[in-house]
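The chain that follows stands alone, in the form predicted on its own, written as structure tokens.
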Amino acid sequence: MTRIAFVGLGNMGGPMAANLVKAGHDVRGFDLSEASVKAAIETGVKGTVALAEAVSDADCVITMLPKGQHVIAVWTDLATLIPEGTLVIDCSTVDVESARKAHELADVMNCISLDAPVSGGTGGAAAGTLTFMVGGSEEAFALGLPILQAMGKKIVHCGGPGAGQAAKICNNMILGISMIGVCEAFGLAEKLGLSHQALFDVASTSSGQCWSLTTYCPVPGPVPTSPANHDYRPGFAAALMLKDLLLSQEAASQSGAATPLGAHAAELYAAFEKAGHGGEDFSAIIHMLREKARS
């Protein structure tokens, strides 16, 4: 049993902390939202009212926070709260620069650190089937692996500090682009009189096959578990997809990479969020594309 402090008990962090409890770990949770703490307590997490209380005597501290600035703020506070040698893991999705800065803070504290963003959405968080993309030293990865395995199905060591965030940003740029492509294909099929099922049956078994089609089909019917069959409730909210696409464009700009499709995908999701749809699943962007065809 490992004593784990989990900071950030939202839609992703809450069920991830719950799975750590199921795995037999002693988990203390902290979140600025009282409702999130109460929900976590119902799953066996020990709720706390302060960061210092959560991390006291912890062998490992996990953060799952909205932005890089929040991660840096919490990891800065940890400097006076945790002893040397503590394993600190950030599972947030943030910019690569912030991830590397967090590792630097851990080095100053003489602590062991990993950046380990996730893929799999709220469903994967609840089921314990997340994919973790991990950055950090081999030593840190070996220490963190048993803990991450309690929350995920596939754990990939991507390289040194920041490599996990780099992999997550690249992966989700592919996801945003591919979802728009799949939505456009269904929109075109509708105009051509082709049924959703017919297109799915062809594309899912030929060269158009991709995760956005076969697992997360953006129209009702072909994939019963996709958000399209549940009024486009996330899932993975469009606002979060926009966040990741903007991170990809920030990284592209800093590194000098050419990502024209990534840039256009970010523009489309920005327009979708601006129209008030940020809380819907990201596959719901098919509605905006249909509207464009009508105008």
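One-based numbering along the sequence shown. Every value quoted in this text rests on a predicted model; they were computed, and no experiment measured them.
There is another form of this protein, the form predicted in complex with nicotinamide-adenine-dinucleotide, and it is not shown here; the text below is about that form.
Looking at S33, you'd find a heavy atom of it within 4.5 angstroms of nicotinamide-adenine-dinucleotide in the model of the complex. Proximity of V219 to nicotinamide-adenine-dinucleotide in the model of the complex: non-hydrogen atoms within 4.5 Å are absent; the residue sits far from the partner. Contact check for P66: a heavy atom falls within 4.5 Å of nicotinamide-adenine-dinucleotide in the model of the complex. For G121, a non-hydrogen atom is located within 4.5 Å of nicotinamide-adenine-dinucleotide in the model of the complex, even though that partner is not displayed.
None of 97-105, 69-77, 156-164, 221-229 except one has non-hydrogen atoms within 4.5 angstroms of nicotinamide-adenine-dinucleotide in the model of the complex; the exception is 69-77. Out of the listed residues C60, L240, A266, A251, L240 is the one that sits within 4.5 Å of nicotinamide-adenine-dinucleotide in the model of the complex by at least one heavy atom. Taking a 4.5 Å heavy atom cutoff to nicotinamide-adenine-dinucleotide in the model of the complex, the contacting residues in 77-101 are S92, T93.
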